[in-house]
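Coming up is one lone chain in structure tokens, specifically the form predicted on its own.
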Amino acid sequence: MQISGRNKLFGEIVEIKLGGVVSEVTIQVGENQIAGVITTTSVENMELAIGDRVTALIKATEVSFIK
């Protein structure tokens, strides 16, 4: 499988906030946490659960940096 997204972060699911249509999934990546919103149907179809190891694929046209 080829994917056009360049930023892949490997982590572990630490929280899932289920909603009616969309859900928020938070993963621990090293010392940082990353949260993303996906459909609740995707959470269910993927059978996501706390402790699962997943890859966050981030595809963005703009990235900001803070120093």
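These figures come from a predicted structure and were not determined experimentally. From 1 onward, residues are counted along the sequence shown.
The discussion below concerns the form predicted together with another copy of the chain, not included here.
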Exercise: Val54 in contact with another copy of the chain in the predicted bound form, heavy atom 4.5 Å: yes
Contact label in the predicted bound form: Val14 to another copy of the chain, heavy atom within 4.5 Å: no
Residue contact check: Val22 to another copy of the chain in the predicted bound form, 4.5 Å heavy atom: yes
Close approach of Leu9 to another copy of the chain in the predicted bound form, 4.5 Å, heavy atom: yes
